[in-house]
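Taking the form predicted on its own, here's one chain by itself in structure tokens.
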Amino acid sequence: MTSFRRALVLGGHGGLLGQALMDVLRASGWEAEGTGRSSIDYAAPDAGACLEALVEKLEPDCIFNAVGYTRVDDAEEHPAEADLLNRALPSMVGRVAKNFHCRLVHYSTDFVFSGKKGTPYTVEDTPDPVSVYGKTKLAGEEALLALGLEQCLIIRTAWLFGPGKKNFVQTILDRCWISQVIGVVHDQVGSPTYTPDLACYSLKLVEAEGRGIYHVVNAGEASWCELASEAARLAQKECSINAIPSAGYPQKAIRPAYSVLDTTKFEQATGVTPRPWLQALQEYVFRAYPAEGT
């Protein structure tokens, strides 16, 4: 077991995952400092110097990089912006972490896979992204691995929902206020993941001195339609969730049809079995919508 106790969370102020990491780290006795959009301009020429100055000042034991370009469709039209946050930034953070001998935890995505496999993806499966978003996230992984960091942990995760920032579940429940019928894609299946759980599991991996690539998601699988239907049911929304094919909801980026992640390596490293996504969803809905979910 390690004794890391000071963390820098990139994206800790305002980010969906970053906020959860800040909460979990502090609850676990860590000193955690976070950055927001105004902290560092990652497109500026001096971004690396600014990050170095921040790391030198805070002296973190571990850097969590929860910053990324996650607008999947927009990435198709703005590949340079996606590349900046999903490839160039991780590479920069990795170099700083290496210079200061910090542990680094970086987050990647299920979208590094094509979705053609049909069974849960393991860390041994070869990535084959089909979108700009997926390609830039994979490039970020490769850039970090090329640095040869001894204490680098890459966590692939998926379909995040949780408190603190707009997400798919919140969007669905908000739409239920204004519409009696909502069409949601049924032929894309993945691993819904609750950010507070992901943050807890991330810390477990750090404590277990995990290195390399791990898949960390809540247990089970669901389509977007199933996730939306369960959220509406738990919140007691009188709204009909209708299943539609991906072709009925045109999007600029191709999505993997099946991108469920296998967490066996994580479980072996930590002794922790992720709880089912439905149980996590229930906790989220009941806390976020107490009047409707109870």
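When you see a residue number, it is the position in the sequence shown, counting from 1. Bear in mind the structure is a predicted one, so any value in this text is a computation, not a measurement.
Form predicted together with a small molecule: not shown, discussed below.
Site test, D41, A66 and Y107 vs the small molecule in the predicted bound form, non-hydrogen atom cutoff 4.5 Å: All of them do, each having a heavy atom within 4.5 Å of the partner.
Using heavy atoms and a 4.5 Å limit, would one call W159 a contact residue for the small molecule in the predicted bound form? Within the cut-off, so yes.
Test of understanding: in the predicted bound form, would S246 fall inside 4.5 Å of the small molecule by heavy atoms? The answer is no: S246 has no heavy atom within 4.5 Å of the small molecule.
Would you please decide whether R26 lies within 4.5 angstroms of the small molecule in the predicted bound form, comparing each non-hydrogen atom pair? Answer no; every heavy atom of R26 is more than 4.5 Å from the small molecule in the predicted bound form.
Would K165 count as a contact of the small molecule in the predicted bound form, using a 4.5 angstroms cut-off between non-hydrogen atoms? Because a heavy atom of K165 falls inside 4.5 Å of the small molecule in the predicted bound form, the answer is yes.
If the cut-off is 4.5 angstroms on heavy atoms, which of these, M92, L85, I182, V123, is the one near the small molecule in the predicted bound form? Looking at M92, L85, I182, V123 one by one, just L85 meets the 4.5 Å heavy-atom criterion.
Select, from the options 133-141, 174-182, 113-121, 205-213, the stretch whose residues sit within 4.5 angstroms of the small molecule in the predicted bound form by heavy atom distance. That would be 133-141.
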